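To begin, one chain is listed below as structure tokens, in the form predicted on its own.
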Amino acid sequence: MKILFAASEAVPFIASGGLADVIGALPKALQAKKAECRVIIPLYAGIKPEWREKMRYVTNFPVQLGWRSLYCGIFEAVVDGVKYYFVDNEYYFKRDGVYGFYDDAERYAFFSKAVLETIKHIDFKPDIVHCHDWQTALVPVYYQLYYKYVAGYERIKTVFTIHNIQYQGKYGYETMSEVMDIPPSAKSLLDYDGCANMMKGAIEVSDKVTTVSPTYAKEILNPWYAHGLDYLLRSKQYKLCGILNGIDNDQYNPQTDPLIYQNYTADDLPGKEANKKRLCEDMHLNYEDGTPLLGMVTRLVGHKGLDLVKYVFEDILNRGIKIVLLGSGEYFYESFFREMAYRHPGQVAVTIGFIPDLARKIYASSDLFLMPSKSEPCGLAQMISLRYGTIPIVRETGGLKDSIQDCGSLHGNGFTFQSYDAQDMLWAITRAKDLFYDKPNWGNLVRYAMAYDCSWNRSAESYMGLYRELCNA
């Protein structure tokens, strides 16, 4: 079975969030299941020279997008046995940054058309084209409109995965014919709620629509979570399902990770404590053996539940818990956490920005990891924290609910709360703090968390079942 993944980013080449981690790990896991996978992403200026040096030029050809005939070059590279293709067009992709440009609709319409044109020019005819998020939402639309009955494209199935339904690729109607090359006769495919909605088009025409967790697949049928697409999704439930993401256990491995202070295993928990001591020194926190350290690595935006944290921040500190936070986002939250670090030196450390090396050190060094999200399609941070023996405290939503079970159950690997309520969150933190001081039971929980399987193995098998169903294999 041959699967072509189309996405706007992928580890290790370019990353702005969890999508890149998925595209970097899932194809490799599928190949272990005997699928043949390849990946296609744009050739951004931000891809580092050491990766560009590994690329090989393949070919170039024109891509017709409405009245424009556009240059498209194709490069390739192989990483961990997976072949990656890179779509080159310097006008669209030789820029500082990945997203947020005035012409993003045109950039990703070009990329989507280029994905399908590339199939003519490579030695790989996919059975499945698996598209991810709004940046590739036009791939199944273009396939339906222009390629489905063209020689060489027969019987290709399309899968579209929603990683975050908040970002849908919504633009004015005027962009349909001039920018996206959607003929007036097909306007209804994208027409939704007074605009041209790329994600809506993909949901309409894809053979299967997936989300990144089973709970999120149910939640987005509710107006509270769906950002306006609930009516459409309820009408397409027959092709909607959720498959929980995983993490790359080789990349996130406390026994071998070169980014943490000291490697350790589940049988060497003093090694984890050594990481905590070093992080406290580096972040100017007062290190006290036996005092819990709570970590957060997050975007500082409202739907991450930061208003709950703000409301009971002093109460958390009054329970003898130290806090280390890494993140960036809305000025309101950046200012609040900076102020807390200023007012509580030695007890609160805040770094504004995103520093991958520091993030890994926080995962390895903290005792607790807080994710009180209002919504969370999947979340990878809670899985990474488990891998490093750092116990998650999460709200039961989306992938957080699917991956973390409360310690009150037989299979508990963390602490959870249901209501979007600051006091409920504080009670979960308090329960975690109380168990932390019960050292034998806490050690058992840490070892259980580190042994918990968050790998792509089970998820890859679920995707294989989905692909087999589509291909009648």
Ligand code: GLC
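Quick note: we count residues from 1 along the sequence shown, nothing fancier. If you're wondering where the values come from, they're calculated on a predicted model, not measured in any experiment.
What comes next is about the form predicted in complex with the ligand, which is not displayed.
Review point. Can you pick the stretch from 371 to 379, 192 to 200, 342 to 350, 172 to 180 whose heavy atoms fall within 4.5 Å of the ligand in the model of the complex?
Key: Result for this chain: 371 to 379.
Practice item. Please run the contact check for Thr397 against the ligand in the model of the complex: heavy atoms, 4.5 angstroms, yes or no? Key: Thr397 lies outside the contact set for the ligand.
Review point. Might Leu138 be said to contact the ligand in the model of the complex, defining contact as any heavy atom within 4.5 Å?
Key: Judged by the heavy-atom cut-off of 4.5 Å, Leu138 is well away from the ligand in the model of the complex.
Practice item. Mark Thr118 yes when one of its heavy atoms lies within 4.5 Å of a heavy atom of the ligand in the model of the complex, and no otherwise. Key: No, no contact at 4.5 Å.
**Study point:** in the model of the complex, Ala10 touching the ligand (heavy atom, 4.5 Å)
**Key:** No.
Review point. Between the options Lys401, His163, Lys113, Lys208, which residue brings a heavy atom to within 4.5 Å of the ligand in the model of the complex?
Key: Only one listed residue qualifies here, and that residue is His163.
**Study point:** Interface residue in the model of the complex among Ser385, Asn245, Thr298, Ser365, criterion: non-hydrogen atom within 4.5 angstroms of the ligand
**Key:** The option sitting close enough to the partner is Asn245.
Practice item. Enumerate the residues of 94 to 129 that have a non-hydrogen atom within 4.5 Å of the ligand in the model of the complex, in sequence order, or give none. Key: Nothing in this stretch is in contact.
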